[in-house]
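Next up: just one chain, as structure tokens, the form predicted alone.
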Amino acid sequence: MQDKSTYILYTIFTLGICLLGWSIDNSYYLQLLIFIGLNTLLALSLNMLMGYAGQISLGHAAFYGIGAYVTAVLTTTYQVPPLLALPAAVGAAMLIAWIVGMPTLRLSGYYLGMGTLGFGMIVHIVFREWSSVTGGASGFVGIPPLEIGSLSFTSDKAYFFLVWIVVLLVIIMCRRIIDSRVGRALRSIHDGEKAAAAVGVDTRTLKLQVFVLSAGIAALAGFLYAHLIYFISPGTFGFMASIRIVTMVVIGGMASVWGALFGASLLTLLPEWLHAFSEFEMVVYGLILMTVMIFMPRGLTRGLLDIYQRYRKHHDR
């Protein structure tokens, strides 16, 4: 059951999005906010898997890419309407996640991380080498704009509202799962898988279900990305993309839905602020991760809340 403060947060979030959408006309800023929304979906998807279920994934960008490439091929090569390509893109990613997750989720810790890393690398190679279907290293061009019936999302403002409505719906869905019995079972797996199994939690099934769910959300982000840019290439869905998603989750705060939003916002804006260090992207991300893990191991969101609570206690004395 969600408390009153949760609904207040939803209201503030919705009003904030409406205010931003109607007050900003600059195409650059709208595009930046759209990418923050897409990255929020990616961070939410991995947060459900890593933050709540405690399962490491270093190949999550593969599902992002599967969603993008499936809709690109269907809508461009076979002229399937985007609205029909959406369930196919999400469904394909979820099916592949189920197939891959069956053996991979038997692993744990670093072994699971290596397994998902290998999966991500294989998918990236398929995107690059299967040129007759995916366009290969040159990329896939000519993806049509997103149209749903008479609605056309060709303007930045329209796409902004579409993306952030989807983000809000996914946040609500994730919060409902987290606050349910399933969410409590996932947290018990995170705290101790053997202990959770000992009290009757079907850990294997739950881990597979959350893995499939996280893949579906990532594929949804890929679908939206493809119809925003009209062009996709394998480099967008490589190893660095997976590391970036992990960084968003860790920096924002694992096991925090709003932390995923904060981490995605920071990591989307950071490259805009650090153009001079673009050649040292991996080093910058490593330093940020190291700093956060040392000084705020629960992430910036929870870390800042802890600092605020300590300040209030000290001030009330």
Partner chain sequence: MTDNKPLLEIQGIGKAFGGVQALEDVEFHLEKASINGLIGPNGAGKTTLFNVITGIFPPDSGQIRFAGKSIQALEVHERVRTGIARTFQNVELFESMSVLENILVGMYTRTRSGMIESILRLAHTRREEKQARDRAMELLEFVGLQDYAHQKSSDLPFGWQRLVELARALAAEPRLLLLDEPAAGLNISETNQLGDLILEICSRGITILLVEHDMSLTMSISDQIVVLDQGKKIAEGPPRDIQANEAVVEAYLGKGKN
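Residue numbers count along the first chain shown, from 1. A quick note: this is a predicted structure, and the numbers were derived from the prediction, not measured.
The form predicted together with the partner chain exists for this protein as well; it is not shown, and the discussion that follows is about that form.
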Worksheet item: At the 4.5 Å heavy atom threshold, is residue 180 in contact with the partner chain in the predicted complex?
Response: yes
Worksheet item: Closest heavy atom of residue 142 to the partner chain in the predicted complex, within 4.5 Å or not?
Response: no
Item to complete: Using the partner position in the predicted complex, report whether residue 73 sits within 4.5 Å of the partner chain, counting heavy atoms only.
Response: no
Item to complete: Verify the contact flag for residue 198: yes if a non-hydrogen atom of it lies within 4.5 Å of a non-hydrogen atom of the partner chain in the predicted complex, no if not.
Response: yes
Worksheet item: Of 92, 206, 85, 166, which one comes within 4.5 Å of the partner chain in the predicted complex, counting heavy atoms only?
Response: 206
Response to the item:
Of 210, 245, 221, 146, the only residue with a heavy atom within 4.5 Å of the partner chain in the predicted complex is 210
Worksheet item: Using a 4.5 Å heavy atom cut-off, which stretch among 133-141, 198-206, 151-159, 77-85 contacts the partner chain in the predicted complex?
Response: 198-206
